[in-house]
Each structure stands twice: as structure tokens, then as C-alpha cells.
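For reference, the chain that follows is the form predicted alone, supplied as C-alpha cells.
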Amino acid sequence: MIKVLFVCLGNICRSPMAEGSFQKLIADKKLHNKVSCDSAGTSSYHIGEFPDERMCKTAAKYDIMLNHRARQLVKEDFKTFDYIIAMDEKNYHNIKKLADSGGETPRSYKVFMMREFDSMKDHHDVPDPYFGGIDGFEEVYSILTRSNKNFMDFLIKEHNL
């Protein structure tokens, strides 16, 4: 089983949408016995909360259900997940910092930026829509859907799925 973890700051906007979008791809490609995913945040701001209502509304428009409860990234995640996908550069560095802490050797080959898989990349980061309007949530949906399709293609090729 290939395990993927999507990570943003609070785990209520970008990473739950990445998780939901990727779960839909897993189902569409009938890979639920080979690939799984989850999401987390580098901060503890929203632990236990459901995704942002605006992100849930955006997801629902595209038949994606977001029922994840926010959780914080923990060291055990580096042992559990094969791929950890950061939504932005700041969280990428926070992920690497946690991986480096405690004397454990980081397995950096498994940590990627989400937009490394974006065919229309105009920036390194998936923008955080939290403080903006609904258009920002739509933009994030588009970026994540596009990036996840390419990431899935990468996994299929990399693991002969």
C-alpha cells in the first residue's frame, strides 16, 4: 500500500481538499487497494475541527466530500507515509525541520511540494485561501486537482500500478 500525506498549515483548507481530490482519483482509477491518503497541518491551530466551510462548499460542487478532522503532523508520520506533499514552501521547511529533529535521518526523497506536479505552475506555493473570498477556494481546487492528476500519473509510473 502506497501511503500519501498532504500537509498545509492548519489542515482545514488546502490539505483536506488535496486529500479529498486525491481520494476521488483513487476511486476513479480503482486503486483503493494500492493507494491511500490522509492530511495534516504543521500547526496545532485547528486540531479536531472539520475543514473550512467554504472549502467544503467548493468541494461539494465537484462531488468531493471533506469529512476529515484536522490533526497536526507528528514524527510517526515519517514512518507511516511514503510520500509527504507540502502545500507551500514554509510548510515544506517545517516538515523537514520536524524530520530532522531528534537525530533521525530525514528521508527527503519522499517530501515534495504539491506544485512540483502542477503542469501550469506559475508559483511554488498553493495559495492559502483562508483570509480571502470564494474565488481563492476555487483556485485552490483547480491547482490541487491538476497537481493530483499529475502526481497520480507519477505514482502509477513509479510503482507500476
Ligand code: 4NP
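Position 1 is the first residue in the sequence shown; the rest follow in order. Just so it is clear, the model here is predicted, and its values are computed rather than measured.
Separately, the form predicted together with the named molecule exists; it is not shown, and the next lines address it.
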Margin query: Is Asp128 part of the interface with the named molecule in the model of the complex - any heavy atom within 4.5 Å?
Written below: yes
Check: Is Met152 close enough to the named molecule in the model of the complex to count, meaning some heavy atom within 4.5 Å?
Finding: no
Checklist line | Any non-hydrogen atom of Leu9 within 4.5 angstroms of the named molecule in the model of the complex | finding: yes
Notebook entry, point to check: Do His68 and the named molecule come within 4.5 Å of each other in the model of the complex, heavy atoms counted?
Noted result: no
Item checked: Stretch in contact, per heavy atom within 4.5 angstroms of the named molecule in the model of the complex, of 44 to 52, 29 to 37, 57 to 65, 93 to 101 -> 44 to 52
